[in-house]
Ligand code: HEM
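Let's start with one chain on its own, the form predicted on its own, as structure tokens.
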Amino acid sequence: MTTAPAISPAHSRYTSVAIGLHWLIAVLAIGQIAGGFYFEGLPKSADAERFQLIQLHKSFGITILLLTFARLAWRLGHKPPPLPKAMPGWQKAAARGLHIGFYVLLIGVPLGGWAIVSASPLAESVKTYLFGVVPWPHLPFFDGIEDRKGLAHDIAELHEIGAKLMLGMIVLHAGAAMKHWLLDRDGVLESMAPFLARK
């Protein structure tokens, strides 16, 4: 019977929970951005379809928010694999900064969406049910505000800017991952992609 090595090859990968949350949040976030741009571009005649899509958009947004908190909690308790020693210091700093930026947007953008719904003049008449089943409360900070429509519009502008920033960061992140895989061949992408063979 053989004994396990002191440092397992698996130690150079993220944990299965971190990997699962990473890819699930990534797919949901990309879908949310695409869906948001889609229903915003619908004509006035498609208001019924837009309404249904917005209800799903709200549900998936809250799901991303909760999953991001779960990912952050897991990250704080589980050290990620180290970056390659040969990786330049500025690239390591950029990678860490990008990850922090993702956490900020993955929390801030859904919170912004929640605030839009909560500040809307329709907040009292249009309740939120996650996937049509679970009741979800509105944020309690907007009582007594006179121009709720204007406030909701301003928050929506910030929400859209955040979504566009996230899209740009996703493109940058994917490009960096491809560089590590195809050019550097340093195992960085494989540490988060279990479907790729380790180098």
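Source: prediction; values computed, not measured. From 1 onward, residues are counted along the sequence shown.
The same protein also has a form predicted in complex with ligand HEM, omitted here; what follows describes it.
- Contact here is defined as any heavy atom lying within 4.5 Å of ligand HEM in the model of the complex, and by that definition each of 50, 58 and 160 is a contact residue.
- Among 147, 143, 154, 40, the residue placing a heavy atom within 4.5 Å of ligand HEM in the model of the complex is 40.
- The listed set 26, 165, 67, 33 contains one residue whose heavy atoms approach ligand HEM in the model of the complex to within 4.5 Å, identified as 33.
- Though the partner is left out of this view, residue 54 does reach within 4.5 Å of ligand HEM in the model of the complex, counting heavy atoms only.
- Ligand HEM is not shown here, but in the model of the complex it comes within 4.5 Å of a heavy atom of residue 116.
- For residue 62, a non-hydrogen atom is located within 4.5 Å of ligand HEM in the model of the complex, even though that partner is not displayed.
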